[in-house]
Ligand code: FUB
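Take a look at this single chain, the form predicted alone, given in C-alpha cells.
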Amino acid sequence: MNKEIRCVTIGLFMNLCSVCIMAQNPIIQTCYTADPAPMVHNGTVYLYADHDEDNSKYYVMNDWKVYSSTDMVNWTDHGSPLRYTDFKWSDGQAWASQCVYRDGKYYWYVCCHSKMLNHHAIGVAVSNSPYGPFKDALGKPLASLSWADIDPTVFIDDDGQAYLYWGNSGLWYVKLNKDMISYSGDIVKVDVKDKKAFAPIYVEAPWLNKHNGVYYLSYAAGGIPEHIAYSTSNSPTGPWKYQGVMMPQQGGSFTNHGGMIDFKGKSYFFYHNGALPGGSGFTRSICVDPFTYNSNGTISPFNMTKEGVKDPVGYLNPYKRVEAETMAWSEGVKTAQGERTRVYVTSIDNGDYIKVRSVNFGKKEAKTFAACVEGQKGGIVELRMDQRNGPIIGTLKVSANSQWMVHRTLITGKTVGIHDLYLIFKGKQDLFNFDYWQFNK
C-alpha cells in the first residue's frame, strides 16, 4: 500500500471511530493478518497468524507470522519464520495454521497448496523454539484428501492423546501419534449435517479446546458471510451438541476464524475482521476480546469490539530491553525482517507513533532513555506519557545516515508508577529504523 495513502486512510479511520486512545483492536496494525492461532506456553501467549499481502484481491498469502504477549495488551512481532517455500511440495497459498508444543518441540500444522496434488494439503513443520526457524518435518503432506484440506486445529488431551481436525465444507479428524508427525487409524469424517450436532451450515475453521472438562469445537458457519458457532461434547471425538452462535457476522470480512484460550485466569477469543484501513475479506486483521463461560458450560453470544482487552494481566518492565516492535497500537509504521530472526520497526515518517500500554516504572524516577536505531534522514523521538499529546518526559535525537547504534537522552519528566508510553516520531520521511529501547534508573 502506498505509504501516503496508508497514513491518510489510517488518520481517517481514527477520526471516524474516535477511539484513538482506547483502541486495542485490531491488535496488529503494521500489516494485515488473519486466521489467528494462539498458544499458551510457560506464561506467554504465542500467536501464529496468516499474512495477507497489501492490496490483495484474493487470498495472496506467502508466509506465516509469529507474535507474543505476556500481558494481553502489548504484542511483539517475531517476524516470519515459515513460508510456503519451506515446503518443497508446495507452490503457494500459505493459509490457516496452528502451532502446539510437545516434549521440547514446537509443531506447526499448516495448509498450503500442493503442486503434485493440485489442491490444498496439511503439512507440519517443527522447531526447537516457538519463534523458529521451522523445517518441514516430513518432506510431504501429513494429510491430503481433497481441495477441502484446510484449517488444521490440533489439541492434546490430558491423557496425552493428540487430535488433528480440519476441513472446509466437511470436517475430518485423526489421532496423532506421540511423535506428532504421523497418525494411527483411519481418517474419520464427521457428520456436519447432523442438525443436533452442528450449525445448519458448517463451513470451515474448526478450533478444538477444553475448559472445565468440556470439549468445545468452534467453527465458521452460516455460509458466506460467516459467523462463529460452537458445539460441545464430553469427548474430543464427539458426539457433539450444537450450542448456537458464539460471534455473529460482523467486521467487514466475509470470513472469520477463531481461536480460544485460557490465560492467567481469564478466557480470550481471537478472530479476524476487516477493520484496518483498506481492510476486506482478503486484507484482514486479527483481534481479541475477553469472554466468559456460563456456569452451565455454554457461551453467551458476544460482539466484536474496538476496545479489545481493557485490563492487562501483567505489566511491561521498561528497565529491560524492549523490542521496538512491541506495541499495543501504532500508526503509520511497519515492521521489517533483516536476518531470519531480526525484526525492527521501519517506514517511520513524521507524526507516526507507537503506543505501549501499562509500563511499570516503579517507585523511582527513570533517569535516561536509550534506543538502538539506524538513521536514514534522522529525526527525533518524543516520549510522552498516557496520551498522544501527553506530557513530554524526554526527547531523543537521531542523527542522519548513521549505522545501527545506541542513542541516549536524559529523562526530564515524572515517570513513577504505571503509565501508557507514546513514542512520537518527528521529522520528515524515512526518518530511521528502530530496533529496541530501554529506560535506566
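It should be emphasised that the depicted structure is a prediction, and the values quoted were computed from it without experimental measurement. Quick note: we count residues from 1 along the sequence shown, nothing fancier.
The form predicted in complex with beta-L-arabinofuranose (FUB) is left out here; the points below concern that form.
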Considering non-hydrogen atoms and a 4.5 Å limit, which listed residue (205, 288, 229, 345) is close to beta-L-arabinofuranose (FUB) in the model of the complex? 205
Out of 221, 324, 96, 72, which one falls within 4.5 Å of beta-L-arabinofuranose (FUB) in the model of the complex, going by heavy atoms? 96
Just one of 411-419, 396-404, 383-391, 56-64 has residues with a heavy atom within 4.5 Å of beta-L-arabinofuranose (FUB) in the model of the complex, so point it out. 56-64
Do residue 273 and beta-L-arabinofuranose (FUB) share at least one heavy atom pair within 4.5 Å in the model of the complex? no
Touches beta-L-arabinofuranose (FUB) in the model of the complex: residue 150 (any heavy atom, 4.5 Å): yes
Even though the partner isn't displayed, in the model of the complex is residue 255 close enough to beta-L-arabinofuranose (FUB), meaning a heavy atom within 4.5 Å? yes
Note that beta-L-arabinofuranose (FUB) is not shown here; using its position in the model of the complex, name the residues of 275-297 with a heavy atom within 4.5 Å of it, in sequence order. 284
